[in-house]
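The form predicted alone is given below as one chain in structure tokens.
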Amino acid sequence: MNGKPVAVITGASRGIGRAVATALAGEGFDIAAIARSVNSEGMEILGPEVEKRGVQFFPIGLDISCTTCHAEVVSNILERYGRIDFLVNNAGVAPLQRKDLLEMTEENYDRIMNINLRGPVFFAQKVAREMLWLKGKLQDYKPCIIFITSVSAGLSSPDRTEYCISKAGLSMASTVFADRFVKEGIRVFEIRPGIIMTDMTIRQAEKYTKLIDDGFVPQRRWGMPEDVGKAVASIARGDWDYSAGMVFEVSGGLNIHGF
């Protein structure tokens, strides 16, 4: 059985997922990196970044919305390492096109829900079951699940209604998972990124830069994926062991409600 702790990160090939994987590798976790394709440029970049930190890199191809595929993926990780210590549920997508609420289609709604909400919830359920089993097998085992949501869990954007609803649902999933598993020693946290410079936001770079410059973000700068990675690393180090269920907003102060 593997001696090092093992972190599983979904949506690991780019942006926040890549930064989280690199940060956890720096904390001594072997990394099981999940993305839709193991042959993507992002995964090819991530592998050496992880391994140069002295830990193992295990790339896995999975469309998180394929819930019937989850069992095989988790089984493969356990077969290789014998444990899963940390799950970062990060995989998610934006609408293909921003459209007003009145123009939202069922097809786009279902796509977003399957990837952003349904898939992550059932993947976390599968991993949590294994964590409960592992608690009786491993000494000093401190399992943890993190849901990466968004400030859109609480901020309305009528031109991407389906995205906001998916993130609000995932936020509640984090709360329910925390409630269910806290007494069994599985810590669950939610991280809400704000305007982070990723492939998802860069398409709206001009709009977001203007909002930031105009003071919409109190700290008046773009967030970087590494900002989220640092937050995850802090949780992984055990800095927040008495804060199960906590919501961490990494948003440059968007959580500040002043007038």
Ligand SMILES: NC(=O)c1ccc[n+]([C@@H]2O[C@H](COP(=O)([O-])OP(=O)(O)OC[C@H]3O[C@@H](n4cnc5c(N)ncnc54)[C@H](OP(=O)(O)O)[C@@H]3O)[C@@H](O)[C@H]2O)c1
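One-based numbering along the sequence shown. These figures come from a predicted structure and were not determined experimentally.
Just so you know, the form predicted in complex with the named molecule exists too; it's not on screen, but the next bit is about it.
Within 4.5 Å of the named molecule in the predicted complex, a heavy atom is found for every one of 15, 91 and 201. Heavy atoms within 4.5 Å of the named molecule in the predicted complex are found in exactly one of 144 to 152, 96 to 104, 72 to 80, 175 to 183, that being 144 to 152. In the predicted complex, residue 189 stays away from the named molecule, with no heavy atom inside 4.5 Å. At a distance threshold of 4.5 angstroms between non-hydrogen atoms, residue 63 is in contact with the named molecule in the predicted complex. Mapping the unseen interface onto this chain, residue 53 falls outside it, with no heavy atom inside 4.5 Å of the named molecule in the predicted complex. In the predicted complex, the named molecule sits within 4.5 Å of a heavy atom belonging to residue 196. Only one of 121, 164, 115, 128 comes within 4.5 Å of the named molecule in the predicted complex through a heavy atom, and that residue is 115.
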